[in-house]
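The data below hold one chain only, encoded as structure tokens and taken in the form predicted on its own.
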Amino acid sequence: MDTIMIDGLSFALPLFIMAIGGIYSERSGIVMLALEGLQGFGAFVGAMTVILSRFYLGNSSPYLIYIAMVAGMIGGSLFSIIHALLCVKFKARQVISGVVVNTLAVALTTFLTSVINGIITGEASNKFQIGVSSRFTVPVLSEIPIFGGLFKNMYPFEIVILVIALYCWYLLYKTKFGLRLRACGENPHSLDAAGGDVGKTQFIAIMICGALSGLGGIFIAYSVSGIFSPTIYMGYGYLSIAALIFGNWKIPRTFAVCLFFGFARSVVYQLLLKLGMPSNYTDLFLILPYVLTLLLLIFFSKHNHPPRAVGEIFDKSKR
């Protein structure tokens, strides 16, 4: 039971922080299909920074993961400017822009990782060996029956995600900026009439999305396999998009959906290990979160209420 909770939470929280980024973008009126590319490029920048920082701090420095966090957020945020410029400045089709960003991220990270490895090690590998993050157990709370497993063998980033998620909820629902951002997704012309800058608000929302996606990306690299490669994050961005849709573009409900995905994956994985099934069957059953996504889309999509102006290109002259 403890293993299920530990693995489920470590899988669910990176999805959650990326989904929050998607909520910020879509609540501002910009369709966000680029989560996959933003998390990938953010993870690349974070991993690259770790590789370079090791020359000065050593391989065992406890500061590496925190440096990776900051670098991942910066990388994802800067890469998101491409999507912001295409959608906000040049009024491009938002879905197409998202696909372009995803494709560009895979191509760039594959090429740049190979080049950097060639310079440092002489081998044109498309992987960065960054290692797995250390873990810790919370005293007292870890002794709680049943739910104590949630506080055992935790990654440092889990606490970081929960703190950032709480702040993101406050920023979105309790501040003037959050009110303007939500107005962009519901009725951008009303915000414009009130003197707000729709384009600037959307631009900031997309960059916040990029920062949170990059953060989620480097956490996946540090916890899933201990390496960065352009393939380790495939599918996670789209799973985060599904989570925010099922969560009805609300942060608390999206958190519940991500936990559902995480624990479902963990339960199936542990069940297969207990049954002693070959690894190829294990890989097959790990698609469970994606199957659940399809089923949820079939049964619950009619009950979702996306922001009314999401995907609409804002034209001030039409007010």
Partner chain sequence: MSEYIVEMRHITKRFPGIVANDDISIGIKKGEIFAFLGENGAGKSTLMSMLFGMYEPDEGEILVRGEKVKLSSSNEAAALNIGMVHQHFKLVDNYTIAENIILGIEPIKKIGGFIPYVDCKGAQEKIRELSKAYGLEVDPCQIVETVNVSIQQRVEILKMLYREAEILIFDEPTAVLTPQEIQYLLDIMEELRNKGKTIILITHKLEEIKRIADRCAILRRGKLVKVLNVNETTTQEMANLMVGREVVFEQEKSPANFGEVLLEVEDLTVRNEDKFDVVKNVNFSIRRGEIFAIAGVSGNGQIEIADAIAGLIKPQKGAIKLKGKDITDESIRRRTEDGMSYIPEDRQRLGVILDFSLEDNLAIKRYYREPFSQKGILKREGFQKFAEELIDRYDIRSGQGAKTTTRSMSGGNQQKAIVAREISLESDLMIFVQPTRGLDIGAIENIQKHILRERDKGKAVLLISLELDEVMSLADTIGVIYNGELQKISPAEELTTNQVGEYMMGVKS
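Fair warning: this is a prediction, and the values are worked out from it, not measured in the lab. Numbering follows the first chain given and starts at 1.
The next section is about a form of this same protein that is not shown, the form predicted in complex with the partner chain.
- Looking at Y170, you'd find a heavy atom of it within 4.5 angstroms of the partner chain in the predicted bound form.
- A242 falls outside the set of residues with a heavy atom inside 4.5 Å of the partner chain in the predicted bound form.
- Contact annotation: V115 falls outside 4.5 Å of the partner chain in the predicted bound form, judged by heavy atom distances.
- Using a 4.5 Å cutoff between non-hydrogen atoms, K127 does not count as a contact of the partner chain in the predicted bound form.
- The single contact residue among L179, I120, A107, V132, judged by any heavy atom lying within 4.5 Å of the partner chain in the predicted bound form, is L179.
- The contact residue chosen from N248, S190, T103, T231 relative to the partner chain in the predicted bound form is S190, the criterion being a non-hydrogen atom within 4.5 angstroms.
- With the partner chain omitted here, the record of contacts in the predicted bound form names 191-199 of 95-103, 142-150, 78-86, 191-199, defined by a heavy atom within 4.5 Å.
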